[in-house]
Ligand SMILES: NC(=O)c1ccc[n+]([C@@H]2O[C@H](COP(=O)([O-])OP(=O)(O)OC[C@H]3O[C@@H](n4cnc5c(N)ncnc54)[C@H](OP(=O)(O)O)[C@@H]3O)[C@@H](O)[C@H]2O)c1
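There is one chain below, alone, in structure tokens, taken in the form predicted alone.
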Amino acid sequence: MRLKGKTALVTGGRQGIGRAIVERLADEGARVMTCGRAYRPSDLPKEIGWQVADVSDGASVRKLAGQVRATFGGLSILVNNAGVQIEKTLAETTDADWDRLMGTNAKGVFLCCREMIPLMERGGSIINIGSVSGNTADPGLALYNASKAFVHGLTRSIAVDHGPAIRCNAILPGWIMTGMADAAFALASDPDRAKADALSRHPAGRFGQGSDIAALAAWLACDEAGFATGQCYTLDGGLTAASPLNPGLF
């Protein structure tokens, strides 16, 4: 119960990584609210608050901040998890693609941090979900890669400008088994072979699960992590630790 007495907002908590984080923070004792663009999921535990919100829209995020204040009075933990992925190269990308993806993945993080920081008057922890793709570009995901690089940079700036009252860190997942990962593998000419090759490059011997990311988020949210700020924590099963050489040939 490391988070007992704390309040948390997790954006994009309907499914995948966001849902795993919502449930872990609640299990650790936090009062948790999450949000999405549509109705409340029927299987969301009743103790979890739900708000309809579009993080890419300033008015919607301001309304969300008002709902957080009315419900909790203040905020201890903000997890910016909401994100979308578009499987295109830069040359294929349209203006509408830019507005949709950067609006959620980049502007959404900016808006939520800007509106929620004033609610963290007694101090708190911001956790942004970045990606290893923001450091090493995955093919066919041009805007997604760029949006995550923005998140990493913004994370460091928030830590510098708003410490020591607010800590801000990012988690950089690798291949976590969600629908987004399946869509990325589907880009390959042979998705099954691509998936097998990716798995072979993980020293941990497996792909990640949402629970892996949630465990790190829970630690970053708690007081034990009081000296952790301004960092981008890669959590990828060792994928990016290896050189590009195929270990099977050596």
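All residue numbers are counted from 1 along the displayed sequence. Note that this is a predicted model, so its numbers are computed, not measured.
What comes next is about the form predicted in complex with this ligand, which is not displayed.
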| property | result |
| --- | --- |
| Candidate stretches 119-127, 76-84, 90-98, 160-168, one within 4.5 Å of this ligand in the predicted bound form by heavy atom | 76-84 |
| Partner proximity in the predicted bound form: L199 to this ligand, non-hydrogen atom cutoff 4.5 Å | no |
| Contact test in the predicted bound form: G237 vs this ligand, heavy atoms, 4.5 Å | no |
| Contact of I17 with this ligand in the predicted bound form (heavy atom, 4.5 Å) | yes |
| 4.5 Å heavy atom contact, A70 to this ligand in the predicted bound form | no |
| Non-hydrogen atom within 4.5 Å of this ligand in the predicted bound form for each of R37, D54 and W175 | yes |
| Listed residue that, although this ligand is not shown, lies within 4.5 Å of it in the predicted bound form (heavy atoms), from A106, A146, M180, L154 | M180 |
| Contacts with this ligand in the predicted bound form, stretch 87-102 (heavy atom within 4.5 Å) | none |
